[in-house]
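Below, in structure tokens: the form predicted alone, a single chain.
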């Protein structure tokens, strides 16, 4: 049982869902009552592995995670980054075998929710089911943007686009403001997401600093040239479909 002073683990999910849709007080209470098993995980720890058949979904409560695929020679392609409130393996509710892995990038707190509980929730509250389906569709929209980035944007444009995306996603759930946010993963991680080498990522970030577009100190990134970064990336936030967005 949670004490009165402890936050409900489902608060992270409610913030995420609230950034893309609206739901009733009754639906909110139903989400809050979901039974979960909360665990602290180390950085670079697999949460669910490629080829497995999970019986539960993972809700990220704190820290960062990613989806990824490994080639036989060990090269890694990061498919998406995930922040608190995300359920990176939500598709396992409908597709029983994982075709990629999900891992932490930092120390992370994760709530595991059984498929049985999630199915029961969506049967009783179809509106919640629709919002969860929308989450999966929004992931697909993000994949499409990443595909455009890797196929047609140059390295400077691709990194600019990703930084804009991460800021807006974090801002929508209250984890960024004033164009500042925590960016705790490595330049190698950025390269594995965008198909770039560590050296190329480092060169672009240095160029962005030189142009006064960003500062990056102690894993805190500040976008000091937001409008220019948007212009360079040709960034259009439509694909994020965020209902709750602040100006700064």
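Remember, predicted model here, so these are calculated numbers, not experimental data. Residue numbers count along the first chain shown, from 1.
The same protein also has a form predicted together with another copy of the chain, omitted here; what follows describes it.
In the predicted bound form, another copy of the chain sits beyond 4.5 Å of every heavy atom of residue 27. At the 4.5 Å threshold, heavy atoms of residue 227 stay clear of another copy of the chain in the predicted bound form, well away from it. Although the partner is absent here, residue 100 sits close enough that one of its heavy atoms falls within 4.5 Å of another copy of the chain in the predicted bound form.
Using a 4.5 angstroms limit between non-hydrogen atoms, residue 180 is distant from another copy of the chain in the predicted bound form. This chain is displayed without another copy of the chain, yet in the predicted bound form the stretch 63-71 from 63-71, 217-225, 27-35, 40-48 comes within 4.5 Å of it by heavy atoms. Residues 141, 143, 144, 145, 146, 147, 148, 150, 151, 152, 153, 154, 157 of 141-163 are found to place at least one heavy atom within 4.5 Å of another copy of the chain in the predicted bound form.
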